[in-house]
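Presented below, as structure tokens, is a lone chain in the form predicted alone.
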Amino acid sequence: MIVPDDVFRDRSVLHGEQVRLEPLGPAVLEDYLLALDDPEVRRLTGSHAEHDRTAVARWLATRHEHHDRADWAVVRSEDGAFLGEAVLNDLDPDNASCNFRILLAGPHQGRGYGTEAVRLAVGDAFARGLHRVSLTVFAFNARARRVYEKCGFVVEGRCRDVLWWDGRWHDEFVMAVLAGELR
């Protein structure tokens, strides 16, 4: 099954009980920069990069131009607080698949926001006709792995020694969920 290479052209706000996913853009620059520089976020994402304000602002301003991916701000429904981002990227239209990633800033973890954001974003991918959504998660991030498994993702493999962090190597799990398996 083939999906169009601009399958994410029309992005709407996705509403859940606790969170909503809004198209990511410049309005969240300050909160986004804080999240990117959070030490725990950096560890969980394996990011060694320093983030240049101008480059990040430019990147946020172009998200709406990319129709082969969907970038959302994860926003708390009750007060509109920025919690992080959810992204469907690395689209393979010929095989109806893409990658998923999510980033939630430290104080917003462990409250069910991530589970709901995963279900909303991945559910949107399947509603658009995609067949498979994959992701990777570092072996030390057991909380995220539990969330993904709760949503229907299955471990497909383990990549050894992919991240050098805090003076040692860490493995990474490859996980995926197929259309009809999202819980």
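Just so you know, these numbers come straight off a predicted model, no measurement behind them. Numbers for residues come from their place in the sequence shown, where the first is 1.
Here the subject shifts to the form predicted in complex with a small molecule, a form of this protein not shown in this document.
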**OP:** Indicate whether the small molecule has at least one heavy atom within 4.5 Å of a heavy atom of S47 in the predicted complex.
**Re:** no
Original post:
in the predicted complex, does V28 have a heavy atom within 4.5 Å of the small molecule?
Top reply: no
Original post:
Would S134 sit within 4.5 Å of the small molecule in the predicted complex, counting heavy atoms only?
Top reply: no
Original post:
Using heavy atoms and a 4.5 Å limit, would one call A70 a contact residue for the small molecule in the predicted complex?
Top reply: no
Subject >> One stretch from 112-120, 125-133, 57-65, 153-161 that, in the predicted complex, holds residues within 4.5 Å of the small molecule by heavy atom >> reply: 112-120
Subject >> Complete contact of L103, A142 and R146 with the small molecule in the predicted complex (any heavy atom, 4.5 Å) >> reply: yes
